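Below you'll find only one chain, the form predicted on its own, shown as structure tokens.
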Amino acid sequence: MLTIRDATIADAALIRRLIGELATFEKEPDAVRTTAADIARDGFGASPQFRTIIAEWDGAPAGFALFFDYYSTWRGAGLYLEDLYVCPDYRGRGIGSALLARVARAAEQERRSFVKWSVLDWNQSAIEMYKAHGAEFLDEWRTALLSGDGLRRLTEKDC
């Protein structure tokens, strides 16, 4: 039986483990730098940077969603869904849809006008689920990330 609950600081190691599983699924197992201590501090400290919900099937961890406040100058307040992951053994049971619905419910309750996220172009099962729930794909927009050496070099520029 499926239950979905808000994560607590006691879940920090579990969240980190699930993030690691997601990174492996996305073919980037060595890309995760975040530790359980980072998650505990950043998600459950004095000024939480994100929220996490945990899906459990018969009491066993089955997946998670991690999201945070987002603001669009065109659409106003929203939520950004950073991660939605269902463990392989639990896929096909509606868990991904239930996690997405819980995030959508949070957006609605908080009077946010949208939920935004990215999905890898090869993750066809996720794309189909999102389409089935009415998601629109903004294919003309490209995601950009500035980090590492590029971030450092830019901070050194005179403005």
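Because the structure is predicted, anything quoted here is derived from the model rather than measured. Each residue number is its position in the shown sequence, starting from 1.
Although it is not shown, the form predicted together with a further copy of the same chain is what the next lines describe.
Though the partner is left out of this view, Asp121 does reach within 4.5 Å of a further copy of the same chain in the model of the complex, counting heavy atoms only.
Thr34 belongs to the set of residues with a heavy atom inside 4.5 Å of a further copy of the same chain in the model of the complex. Put simply, Ala12 is far from a further copy of the same chain in the model of the complex: not one heavy atom of it is within 4.5 Å.
Using a 4.5 angstroms limit between non-hydrogen atoms, Ile39 touches a further copy of the same chain in the model of the complex. Residues from 108 to 123 that approach a further copy of the same chain in the model of the complex with a non-hydrogen atom closer than or equal to 4.5 Å are Glu108, Arg112, Ser113, Phe114, Val115, Lys116, Trp117, Ser118, Val119, Leu120, Asp121, in the order they occur in the chain.
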